[in-house]
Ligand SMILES: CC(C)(COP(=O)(O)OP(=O)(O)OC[C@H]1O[C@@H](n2cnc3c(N)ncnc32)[C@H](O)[C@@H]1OP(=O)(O)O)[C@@H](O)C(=O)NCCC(=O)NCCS
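Only one chain is included here, represented as structure tokens and corresponding to the form predicted on its own.
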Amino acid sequence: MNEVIQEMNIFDLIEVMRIEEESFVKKWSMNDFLYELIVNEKAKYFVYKMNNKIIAYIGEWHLEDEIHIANLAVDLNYRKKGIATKLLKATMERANFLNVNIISLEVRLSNINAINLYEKIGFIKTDILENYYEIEDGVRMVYKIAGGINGK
């Protein structure tokens, strides 16, 4: 089985949009992704391919002192197989390489599976964000690469 994580490009968007559609209530549009890939200089997006098929993606914003995970989704047929963990660990490696100590993200309060995954990796909840997803609260979670919050 051939597995690879590589930088996303506009030719990946048809498959990415399929995963986006099946993954989220409030979905990003094709234009949202095009903006991220073409205009937003702070954005870096990656796809996870298995046998040349995109089965997951992650979007990062490389800010001054942190990497913020803008989105992460895995094809419904490939969930619970460690793929999200592999994408998150690749983000951690990039953070280490860039000498960035913090990785942050927001997640729906009701998304218990994602929260459990993030906590298992070492993210901690820092804030409850009221109405972050319009009709639902969000949770801000942070992973500290060295020392501090996670004690790692």
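For every residue, the number given is its place in the sequence shown, counted from 1. Everything numeric in this text was worked out from a predicted model, so none of it was measured.
Keep in mind that the form predicted together with this ligand is missing from the display, and what follows is about it.
Contact annotation: K26 falls outside 4.5 Å of this ligand in the model of the complex, judged by heavy atom distances.
Contact annotation: Y118 falls within 4.5 Å of this ligand in the model of the complex, judged by heavy atom distances. This ligand is not shown here, and in the model of the complex it never comes within 4.5 Å of any heavy atom of I103.
Taking the partner from the other structure, this ligand in the model of the complex has no heavy atom within 4.5 Å of any heavy atom of N96. Judged against this ligand in the model of the complex with a 4.5 angstroms heavy atom cut-off, the residues R79, I83 and N111 are in contact without exception.
Partner proximity in the model of the complex, defined as non-hydrogen atoms within 4.5 angstroms of this ligand, places exactly one of 43-51, 58-66, 103-111, 30-38 at the interface: 103-111.
In sequence order, L72, A73, V74 are the residues of 57-76 having a heavy atom within 4.5 Å of this ligand in the model of the complex; the partner itself is omitted from this view.
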